[in-house]
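There is one chain below, alone, in structure tokens, taken in the form predicted alone.
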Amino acid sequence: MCPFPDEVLERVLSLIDSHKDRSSVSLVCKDWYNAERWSRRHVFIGNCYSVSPEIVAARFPRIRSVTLKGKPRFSDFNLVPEDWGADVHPWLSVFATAYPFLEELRLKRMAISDESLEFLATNFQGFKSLSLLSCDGFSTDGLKAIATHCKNLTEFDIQENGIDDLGGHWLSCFPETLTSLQVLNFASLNSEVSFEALEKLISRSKSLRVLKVNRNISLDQLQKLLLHAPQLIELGTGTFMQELVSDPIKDLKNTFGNCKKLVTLSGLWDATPLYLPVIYPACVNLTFLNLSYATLRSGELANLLSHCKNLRRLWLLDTVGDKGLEAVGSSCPLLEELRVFPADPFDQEIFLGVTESGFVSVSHGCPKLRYVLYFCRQMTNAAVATIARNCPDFTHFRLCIMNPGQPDYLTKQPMDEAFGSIVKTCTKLQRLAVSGLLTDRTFEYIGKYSKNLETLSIAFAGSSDLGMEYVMGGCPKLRKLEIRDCPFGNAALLSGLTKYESMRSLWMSACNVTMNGCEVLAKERPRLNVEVMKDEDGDGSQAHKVYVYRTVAGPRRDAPPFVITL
């Protein structure tokens, strides 16, 4: 017998925020399962085809918040056709009946139409929070419907979506009675908006804590907005290049200085040395600085970072060079996350961008580094070994050597020992992306030493099926495996027979897998969906793109003709 009344147990379980922990709790016994079922208010679905909306609604009757992910991650690299699926509308149709009290919806890589957004806006009267990340299929007319009908909106976050931008008229559709807005992000939209409407909205949103505008907002307009919202915690600026005389620059600097609570700063499009100093007074408490749209040079970055002593997260373009990364190492001792993106990934000049030298400098000065995404055109085994020794607590290590199959540029040897040193030294590693010239030895190291690895991304690497077999034979916590352009065939695919049902998904494209191998997998593991995307130029026997995932909903009903479910 459960020692607690149902009401007490439900109250206790409602205090658990982690969806993983809640899932574990539900497996303890029937009483805990039922208590967790009735107390659950938020559900996270990492693959929209792993379960149906009907199953979700039957399991959890009181959901107020849903996070839903759709297309595989490689859709970010245009490897998944636009009409592949992941339509949100079937979910909304079920939710309208099951959860008319739904308040929050967070979507990533989902297909959304304007009609779906209007349906959302008009069928959930208490709806408060919408976040769209890397979604597509809608236009600013859909945003207009949300702005018009959602009277209690607290969050409106539109980030990196494939959106048909028909103009900024949507921003004028928020009712004048709306005062509840806490988050407003339209940084990724291109069109000009009505500044008058924006200023009025900001001035009456006294609880606003996150504001991210697009690059059409000028510096003087930004100053006016900040005067209305000095309480901001996160700010994404507009353009940082315009003609101002000295007094307005001083005024803007004072305005930034009044933003005492600011901890996150992004935007800074077209930032120049002339205007960059205006943000210095706001840098003292910054923990996250996103400069992925600012083409700064090393000196500009060094001056800026000298005012940012509390940074934990930093995103940069490689225009800062190795000298800029030396400034990171000397100025950011508390740094935990670093991402360095290529300003021009198609520029083949090696003397531009960053190298192993800058990475090593960061590792020397930032011993707390846990997460790194690093794009470069050259690397050495010795440098990565040094980085691993300096930062042994990596949980996420994503090294992208942009020229496929690039060896250690000094020794001309494969990069096997580099990633071997990472997986041997960094025992907390959860996510790994490998690149460069790699043989099966790299994957032998990964399979043997990566006891906590959950996500592995592989491209243009490996010598034979053995590489993938090593991974599938080890890595006990592996949940997502992403592979493209590798010499792995049917034997490699079938080596994961005992593991796929405990994983979330497997993606393989441009490998040596055949339809026959996929059919064997589908027959042996009927609880998996084994999907093959047909290649128009293929002979029919090759499985050019394979997506394998566990599901309790069976084969999906909306697969387009080019997707074969085995």
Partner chain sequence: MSMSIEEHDYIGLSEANMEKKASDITINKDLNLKATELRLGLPGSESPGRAAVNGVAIKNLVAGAKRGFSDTINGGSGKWVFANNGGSEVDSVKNGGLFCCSKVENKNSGSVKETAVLASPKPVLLENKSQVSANSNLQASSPASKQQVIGWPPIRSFRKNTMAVNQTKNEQDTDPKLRSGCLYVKVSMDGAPYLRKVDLEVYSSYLDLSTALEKMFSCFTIGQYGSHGAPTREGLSESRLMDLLHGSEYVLTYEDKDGDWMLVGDVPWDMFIGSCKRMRIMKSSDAIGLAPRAMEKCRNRT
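Residue numbers count along the first chain shown, from 1. This structure is a prediction, so every number in the text was calculated from the model and none was measured.
There is also a form predicted in complex with the partner chain; it is not shown, and the following applies to it.
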> In terms of non-hydrogen atoms within 4.5 angstroms, which of the given stretches 293 to 301, 225 to 233, 442 to 450, 354 to 362 touches the partner chain in the predicted bound form?
Replying inline: 293 to 301
>> Give me the residue from Pro392, Pro277, Gly473, Pro407 that has a heavy atom within 4.5 Å of the partner chain in the predicted bound form.
In response: Pro407
> Since exactly one of Thr272, Asn285, Thr427, Thr179 fits, which has a heavy atom within 4.5 Å of the partner chain in the predicted bound form?
Replying inline: Thr272
>> How about Glu196 - does it come within 4.5 Å of the partner chain in the predicted bound form, if we only consider non-hydrogen atoms?
In response: no
>> Does any part of Ile63 reach within 4.5 Å of the partner chain in the predicted bound form? Heavy atoms only, please.
In response: no
> Just to confirm, His544 within 4.5 Å of the partner chain in the predicted bound form by heavy atoms?
Replying inline: yes
>> Taking the partner chain as it sits in the predicted bound form, is Ala343 in contact with it (heavy atom to heavy atom, 4.5 Å or less)?
In response: yes
> Going by the partner chain in the predicted bound form, which residues of 33 to 68 come within 4.5 Å of it through any heavy atom?
Replying inline: none
